[in-house]
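Take a look at this one chain, the form predicted alone, written out in structure tokens.
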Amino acid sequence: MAWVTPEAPTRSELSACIQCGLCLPQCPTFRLTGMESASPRGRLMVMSAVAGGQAELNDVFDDLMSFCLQCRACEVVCPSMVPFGRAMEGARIEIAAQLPSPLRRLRRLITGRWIGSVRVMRSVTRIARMVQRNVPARWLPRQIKTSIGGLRPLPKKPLSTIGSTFAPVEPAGAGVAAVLAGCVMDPWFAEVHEATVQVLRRSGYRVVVPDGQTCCGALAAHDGDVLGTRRLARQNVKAFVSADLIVTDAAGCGAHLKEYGNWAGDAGVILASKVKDVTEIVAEAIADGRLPHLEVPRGKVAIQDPCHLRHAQRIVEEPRQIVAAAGYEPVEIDEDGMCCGAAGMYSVLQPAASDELGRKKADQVRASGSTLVASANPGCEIQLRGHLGGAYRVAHPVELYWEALQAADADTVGWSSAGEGNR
């Protein structure tokens, strides 16, 4: 065996592939290139060759693995249920272990440590805001321009919801919902957190944002940083140990938390069993009558399925049910749910492929005839807005529902007065 880490793809994972090829048309990078080595089947064959000593773990192997978006669309159609996402994370752990470099060490600092620090993220937000407000777009490199252009207007003084508690709106009784603040959601997507908290309150939940939590660790895991991923997972396990329900409003975070058993042992399995995406909870509350189905028509909304919501968590209908309950007509743009090309750090590490996929997704939105897009993941939102431009709005499905509730009920308690012991 050429592997050197215990997290490497196992023989049983690699041999599970029966080479049927059903994954090929579902794979964005295969569709971009038509190359077998850019397909899930091809990547598994290369992993098997390295594991068996028939091929070297070198820069070529690194390039083949790094080109994967880890969108996991292949897992949905695989008749053998190959755990491709787990195998890919294992392969990248091997690459990090066997091919160390200064750039990889820098990425490890970013994804494993800095991004989980509230203080660091506040500083990054201030810098990004300065660029957003003061640097002409024409001066920026194309990929940076897309990313900066895809951000919502950033706050001058980014705040954190960590440590906050919010009382339920009567009638209460749904229990306590512990919300993951996330690394970028808190400073960059405060409106999504507001909608999440307020709609949970209206569903009867007492909402808490536990102290001591940090970044979920998905970016570190995707980049092969096993130590950083485990460190972040252990910290979150400790922070959420008393929670009965853990709510995420970012699809990538939820998908990673639901697989914490890979990173934090039995304690991780317990945490994973408590995790739900906010769209699951809100759709359930609408179905059982705790939240209203609003009848005022609000026009069309294009539905973009984040990969880690549709493919990893298998959540498809709930976002559509939520926007329909808000009065919108959901418009399908892609029956395959093809990746938009954001994929965490992919847009930085593979800018050409990311840009092409982003343009394709933006063209699908334009063809829908809607200038409003519902997306439940921050990276997808940034990618879409960056490619669509200012004439289009991209928002979380629960954000759209909360706005509709506010319009229907002028007496709804506002965000500024909702906190109970905020700090």
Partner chain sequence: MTLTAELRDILGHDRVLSEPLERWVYGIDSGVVRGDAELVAFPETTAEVASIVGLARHYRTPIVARGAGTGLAGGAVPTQPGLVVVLTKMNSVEIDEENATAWVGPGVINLDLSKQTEPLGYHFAPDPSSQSACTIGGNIANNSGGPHCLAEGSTVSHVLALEMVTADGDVVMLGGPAPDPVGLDLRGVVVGSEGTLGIITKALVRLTPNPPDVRTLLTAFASVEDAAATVSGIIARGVVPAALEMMDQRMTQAVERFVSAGFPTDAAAVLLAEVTGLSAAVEAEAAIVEEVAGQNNATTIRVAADEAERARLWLGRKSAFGAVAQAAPDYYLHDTVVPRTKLVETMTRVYEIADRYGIMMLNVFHAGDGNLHPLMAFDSEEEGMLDRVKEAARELVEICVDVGGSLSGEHGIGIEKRDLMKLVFNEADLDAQARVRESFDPDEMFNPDKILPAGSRCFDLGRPPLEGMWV
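This is a predicted model, so every value here is computed, not measured. Numbering follows the first chain given and starts at 1.
Keep in mind that the form predicted in complex with its partner chain is not shown, yet the notes after this line are about it.
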query	finding
Heavy atom of each of R86, A97 and W114 within 4.5 Å of its partner chain in the model of the complex	no
V176 within 4.5 Å of its partner chain in the model of the complex, heavy atoms	no
Contact flag, S273 vs its partner chain in the model of the complex, heavy atom cut 4.5 Å	no
Any non-hydrogen atom of S101 within 4.5 angstroms of its partner chain in the model of the complex	no
4.5 Å heavy atom contact, E356 and its partner chain in the model of the complex	no
In the model of the complex, the one of C68, V46, V394, V365 near its partner chain [non-hydrogen atom within 4.5 angstroms]	V46
One stretch from 300 to 308, 222 to 230, 262 to 270, 332 to 340 that, in the model of the complex, holds residues within 4.5 Å of its partner chain by heavy atom	332 to 340
Sequence-ordered residues of 5 to 25 touching its partner chain in the model of the complex, heavy atom within 4.5 Å	R11, S15, A16, I18, Q19, C20, G21, L22, L24, P25
